[in-house]
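First, one chain by itself: the form predicted on its own, in structure tokens.
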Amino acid sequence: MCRLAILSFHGCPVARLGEKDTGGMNVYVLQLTREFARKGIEVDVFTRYHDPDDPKIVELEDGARVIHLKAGSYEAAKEDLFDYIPEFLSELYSFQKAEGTTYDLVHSHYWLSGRVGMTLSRTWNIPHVATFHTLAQTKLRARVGEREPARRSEVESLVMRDADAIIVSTEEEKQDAVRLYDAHPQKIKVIPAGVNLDTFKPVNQSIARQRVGIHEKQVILYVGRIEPLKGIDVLLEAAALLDGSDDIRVLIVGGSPGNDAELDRLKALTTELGIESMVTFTGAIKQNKLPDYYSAADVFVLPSHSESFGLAALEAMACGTPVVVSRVGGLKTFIDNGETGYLVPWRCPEPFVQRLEMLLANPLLREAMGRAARAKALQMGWGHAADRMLGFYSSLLRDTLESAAGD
């Protein structure tokens, strides 16, 4: 295997994390690409321009590039991007033709990229591997009021039928693909995501708090996209019920202040609950600054209605911070309930209050869980995930060659 084409059409892996439509998928693509390059694989990641200041090509590592292509306006909403797939494909073909580059395999990320991958696979006559990260039908069943365009489910089904293989992070995600989309189980490979252990490691809490500017005795942290599915309102409602709230700081990291309707709704909720003085909305934070936030926190909270994996929780664990999260999706696969944190089966504030108060009142428990969380994360570096992925690519390419020879 010489060169991979990775598609991340709607989400640029070098975009600022925590803003709209950036999150765990961006990290996933970025970290795997870097690991592939370090293992001698050449990789081109194709994404759309998101900003007029985006360079055409960003060199990630020796042999790994992010290539920006035109596909609609910079401000185009995610729900409108499907209409710009032809423009994206045209730009990609022009780039590939000008360089004379050939690829051995294409790996798409998210349903929009999956549709692009289908076309490239046929045109270039190479295998197509698809990873969805989230599925429309899973999201619709996770939260009342959740909405997804009908086209998304249709395209997800189409891509699952057409792709040579599907990579998922958890067994539950595999079962959702089989049950909700009638995907062929033999096509699906479970390869868990990883964490950047070079970046995410414990920082002395006093130093971390000084850097972050926190003076309260206890700190509760959320990191991620600001959207209803993340259940941040559950965290805010729980915060309003905590004892000793006068000396607690709740940090909400993510979003774009002044340009985010959900962020505005959550800020209004803090006023309604009377906790605006204890909650700080930081906006998006650069990746290299996040270890200070994770380490400054006494506990990390992720009350999501649905999570295909839950990378932010694993990053917190790598920094030695215990977690309190919803018992959903991938979170169940790497969090040991009662050892590295708590898995909460109900999406309402009271059970979160119970676990939070238990941790906040017991420093020895926090320290023990933090050590266990760090130890668990050390087993889940990106290098291991990349080795498994490359092994799977190799077997798929070998099977494809053998099939072609048989024909």
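All residue numbers are counted from 1 along the displayed sequence. What you see is a predicted model, and the numbers here were worked out from it, not measured in a lab.
The protein also exists as the form predicted together with a small molecule; that form is not presented, and the subsequent description refers to it.
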Query - Contacting member of Gly310, Pro303, Gly117, Gly320, with respect to the small molecule in the predicted bound form [4.5 Å, heavy atom] - result: Gly310
Query - in the predicted bound form, the residue from Ile248, Val203, Leu251, Ile285 that sits within 4.5 Å of the small molecule by heavy atoms - result: Ile285
Query raised in the report: Taking the partner as it appears in the predicted bound form, which of 220-228, 89-97, 233-241, 173-181 has residues with heavy atoms within 4.5 Å of the small molecule?
Result: 220-228
Report task. Indicate whether the small molecule has at least one heavy atom within 4.5 Å of a heavy atom of Val27 in the predicted bound form. Result -> yes
Query raised in the report: Quick one: does Glu156 come within 4.5 Å of the small molecule in the predicted bound form, counting heavy atoms only?
Result: no
Query raised in the report: Taking heavy atoms and a 4.5 Å cut-off, does Tyr294 contact the small molecule in the predicted bound form?
Result: yes
Query raised in the report: Taking heavy atoms only, is Leu290 within 4.5 angstroms of the small molecule in the predicted bound form?
Result: yes
